[in-house]
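So here's one chain in two forms, each on its own in structure tokens, numbered structure 1 and structure 2.
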Structure 1
Amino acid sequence: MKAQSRAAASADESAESSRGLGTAPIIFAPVKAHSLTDITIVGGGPTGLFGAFYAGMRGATARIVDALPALGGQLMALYPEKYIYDVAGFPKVLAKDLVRDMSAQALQFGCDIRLGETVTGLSRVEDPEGGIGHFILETSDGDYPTKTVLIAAGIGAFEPRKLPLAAAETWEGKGLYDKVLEPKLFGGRKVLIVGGGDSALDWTLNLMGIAQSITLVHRRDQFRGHAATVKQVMEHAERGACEVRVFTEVGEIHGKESIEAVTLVNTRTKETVRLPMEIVIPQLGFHSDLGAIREWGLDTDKADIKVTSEMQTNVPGIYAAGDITSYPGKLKLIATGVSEACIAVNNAVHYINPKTKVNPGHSSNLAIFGESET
């Protein structure tokens, strides 16, 4: 992390939020007219969204920055159409519906949302009068001054693993999709799903009744997905609702303007078969990259950021929550992420203004929701 000198800083007090928590005098660095925010949240997944809600509930200003074009993190990017069963209050809920409601909850206090911006750097601006100073969070599109940072970056800025075929890229958008965002696109089409994990198995099940035919290929005969899902897929295959080919990989994709056929290769015998096909959906997992966050001098445990029980990293003013954190007993779940977000935000508001209590009290009793505080 870089430290900025006072000389490098210039005043832009007009940009300061009128609803901040208030703290020691702050030096303003040159910014593109972005306001000084109490808490800037890196990541708009479920953890970041709940962090934004909690910040608003505590009277703190918040901003979410996310590299993806939509809020929701893994839920929208990887499994929008899947049901989630272990979120409190919902016997089952579609991932995209949970994101819709979490976004409504998060945005009710006017959180500033910056989508499609990857965080590229962070520098610290010291306060010569001994206050907490502030950070400048740099993204691909701008510099955001902020008193604290909450890293809710999940598994990092992630990209689906590509089909290992030289010409794969040329088929993107012409029938090759590494994300299933809109299942109806595949209605009545011949679909090939590639992979052996939960996503490949789940989409095999979820596209049944939508696609004209579904073929699942996996280069081994052991699937990595949940045993119950593997069993379900195999039962459907036995009754002819889908086809499963193990020890198989994609050798070639054929077509003119769009995919018309694929050549599949048996990984043991090297025998090939050409099948008519219109859609290819590789579900091979994803790469994740902490990117610039790696350079911030944070203590890490492999790719995860170590935090205290207050969700504080080793750098004062920088908190982390959700899938990106590491501590003994950590569970990477939506339920734990939102709980950590609330711990992180409560500690961040106390860090900004030590007169503010860490403990927020109960939401059912807060004036911000129109209740009388007792």
Structure 2
Amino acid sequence: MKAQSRAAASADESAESSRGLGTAPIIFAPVKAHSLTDITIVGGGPTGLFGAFYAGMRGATARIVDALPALGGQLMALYPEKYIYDVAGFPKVLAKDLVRDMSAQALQFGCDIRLGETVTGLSRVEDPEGGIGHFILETSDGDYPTKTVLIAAGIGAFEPRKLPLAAAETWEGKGLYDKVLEPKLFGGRKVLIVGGGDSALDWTLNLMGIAQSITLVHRRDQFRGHAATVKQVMEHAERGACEVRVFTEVGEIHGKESIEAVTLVNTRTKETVRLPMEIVIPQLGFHSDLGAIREWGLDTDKADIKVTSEMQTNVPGIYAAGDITSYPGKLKLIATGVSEACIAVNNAVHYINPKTKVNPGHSSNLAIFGESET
């Protein structure tokens, strides 16, 4: 965080929220650009979206800032057509459909959305009367005053790991894809998937019935994905629905205008085999970086932010939730992220106005939803 405080925002920008966090009437209206909000959420993925919903439920104004061009985080940027199986209430749900419904839930209270804006800095404006003051979140497109900040940036700025192959980039868009945005593009094609994690395993399953053939290769014989998914892939392989090759890496890609074949290398014997192939999909994980957030003076663990059980960072007024957080026993799931968003918002609301309850009670009893509070 910058050592010097920014000048106080203009009167319009510093006007107190009309929604109120105490006993004042709750009025829901779209947040004006550059107005002082109660909670600014960095990240528009599932955790950030649920944080925006919960802020509205608590009568707090909220703003989401995300560098991506659309809400949904990794779900929309990397695998909108991928099924998700571990979200409560859904036996399975397409990532894009989950984002659609979570967005509708989040935006019902008029959350301000700022997409395509990269966070560049953060500074604090002190309250001359001794109050909590507020922050100025700086982005590539503007500065936003906010009483608190909730970091829900997933794995931070992410970049898919590239296939470790000389001149691999020359095949990008010519049969080499590190993202699967439109599975139909692979219809009737010979597909090679590279990797041993959940994404590689999931796409092996999800492209069945679409691709002509699917071969999954992994440089080891132990997979990092969920045991149930590994078992499912192996069962399909036994039935001949796909092929799984372990201790195998891609040695070379062949073709003229597009991929026509690949040479695979056995990592133990060094034997090679050339297979006809049209599509190569590396699923090797991501490089992640906190970016400008790293300069805010937060306690971090590599690319994660350390938080307390209240989702509070070491800087008062800054909270974090979702995959970007670190604490003993942390489990990186969407279900965990939405729970952490609730905890973070409740404590942010209490930080802004200590007279408010940390726990609002059950939503089925809240007047905000037309119920009778008991």
Ligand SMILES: Cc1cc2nc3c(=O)[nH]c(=O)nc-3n(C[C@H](O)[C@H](O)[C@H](O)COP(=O)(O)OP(=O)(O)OC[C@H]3O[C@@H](n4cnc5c(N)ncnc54)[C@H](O)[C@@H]3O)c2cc1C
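All residue numbers here refer to structure 1's sequence, counted from 1. Only the largest set of C-alpha atoms that superpose within 1.5 Å between the two forms is called the rigid core. All values derive from a computational prediction rather than experimental measurement.
Two forms of the same chain are shown on their own. Structure 1 is the form predicted in complex with this ligand. Once the rigid core is used as the reference frame, the Cα position of I193 differs between the two structures by 2 Å or more. In the core-superposed comparison between the two structures, the C-alpha atom of Y83 has shifted by less than 2 angstroms.
A movement of the C-alpha atom of V149 falling short of 2 angstroms is seen between the two structures when the two forms are aligned on their rigid core. Look at I210: with the core superposed, its C-alpha moves 4.9 Å between the two structures. Once the core is aligned between the two structures, the alpha carbon position of R274 differs by 11.0 Å; this is the C-alpha shift at that site.
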